[in-house]
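Next up: just one chain, as structure tokens, the form predicted on its own.
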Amino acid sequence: MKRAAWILLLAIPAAAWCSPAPSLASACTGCHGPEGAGSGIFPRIAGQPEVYLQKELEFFRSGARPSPMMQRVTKALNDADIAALAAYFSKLHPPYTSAAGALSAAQKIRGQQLATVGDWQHGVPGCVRCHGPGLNGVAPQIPALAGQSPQYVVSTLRLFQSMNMHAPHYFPVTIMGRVARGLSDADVQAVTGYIAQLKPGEIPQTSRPPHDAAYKFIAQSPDEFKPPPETAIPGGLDGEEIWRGRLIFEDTQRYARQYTGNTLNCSSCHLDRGRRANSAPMWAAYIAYPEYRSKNHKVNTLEERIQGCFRFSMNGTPPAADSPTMVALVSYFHWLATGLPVGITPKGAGYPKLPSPHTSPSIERGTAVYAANCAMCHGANGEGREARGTQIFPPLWGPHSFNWGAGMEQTSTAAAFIKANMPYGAGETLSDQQAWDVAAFVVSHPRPQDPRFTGSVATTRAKYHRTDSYYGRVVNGKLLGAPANSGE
């Protein structure tokens, strides 16, 4: 902290720390500027989610987030002071003052890519996937990036890169430590500069990248397959159809809303636009069909498999096999699989099967795992998180989640997905047992009815849910699957 700011801080009477928030706030504005607008290395704290501000002050006070400057400031604050400051600054909205420097054309393209879709090959999700479509934060605990100076964001990313990402006392490091380590120095400069240049209220858009005519498609090993980059999408009508399928897949609620009955997108279960290995990637799905499925005891085409996703996972009405939506999705999947041999299951297909747990999955243990690792994003009651009317993190149970016919309602499927991919951006951090336990917790809650239900829970369970399912079982006094407990 600058010397003048420390003099200001030390000049405040001790009694002021116990005064209402505006008096307390004078100790903050010496560095963070009038109304907490921030500048340079000092972050914008105005308008941040209240709970986020409160938690960060507590982390600083305890030393969980290291900062000698902030520890000295916060050690004099009690819980009531911290709560008052968080409430005060969360309600302030001073104008943004851009401190962004000039970006080259290449930096702007790279910054936009990192902000919107990320770089999953290096473990970096798009910023908007957690911080909201306008990077304005997602209450209660995910901060806004909009309006932050690039100097502060750069210094914070450097801090995350250096911290112990397994620190149990500071959960954001588990995620942001992974993300920051996946960014090169050039990436850090590009994404922070891009964010700083966004205008207030501007929403970063995912734009189709220019076609790279020099890209060469080659046959690839099924053990080392990588889908082509989006710059390899061809021109002409084929390319338009592929890009439309990619948009539908990533934001189904916007581009195929008429076929969905909940708030999920295809990308809710198939990360990185269906590209990510071990997240049921679409390049592996494309070459798997036609294939026999025990779920409906017949050979399914790829179109039928996609229809099943809309019916069960989306709890909606499937598009026709020859509909524009289906044609676009299949075109996209076909393009993703370019170069992949047919007839050989590639490495990374589906979700990696977990070994049987040493101890039977426990809902009680899963409750604690969920509270520590999942609730920040998906909500204490599994309701998911929204920002500006957009679903940021999907609901895991209740009326807006997948129904009892979805594959994810099976404990083994949910555990496999969770182990490989959750927490978001930090997969493989939970133990196998934790993944089994939290899966049991998630899938043992009410959710929309199985569309195959004909009036009897017992009959539906015997026909479709005999094993690996909580459907038809009594949990917390509720018969799961009963119409009265369907979550609708």
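Numbering starts at 1 and follows the sequence shown. Model, not experiment: these values are computed from the prediction.
The discussion below concerns the form predicted together with another copy of the chain, not included here.
Residues Y289, V327 and H334 are all found to lie within 4.5 Å of another copy of the chain in the model of the complex, as judged by heavy atom distances. Heavy atoms within 4.5 Å of another copy of the chain in the model of the complex map, among the stretches 405-413, 197-205, 70-78, 290-298, onto 290-298 alone.
Another copy of the chain in the model of the complex comes within 4.5 Å of no heavy atom belonging to E230. Taking the partner from the other structure, another copy of the chain in the model of the complex has no heavy atom within 4.5 Å of any heavy atom of A102. Not displayed here, another copy of the chain is approached by G343 to within 4.5 Å at the level of heavy atoms in the model of the complex. With a 4.5 Å cutoff on heavy atoms, T338 counts as touching another copy of the chain in the model of the complex. Residue E241 is the only one of D187, E250, E241, D119 with a heavy atom lying within 4.5 Å of another copy of the chain in the model of the complex. Between another copy of the chain and the residues L237, A106, A214, A380, the one pair within 4.5 Å by heavy atoms in the model of the complex involves L237.
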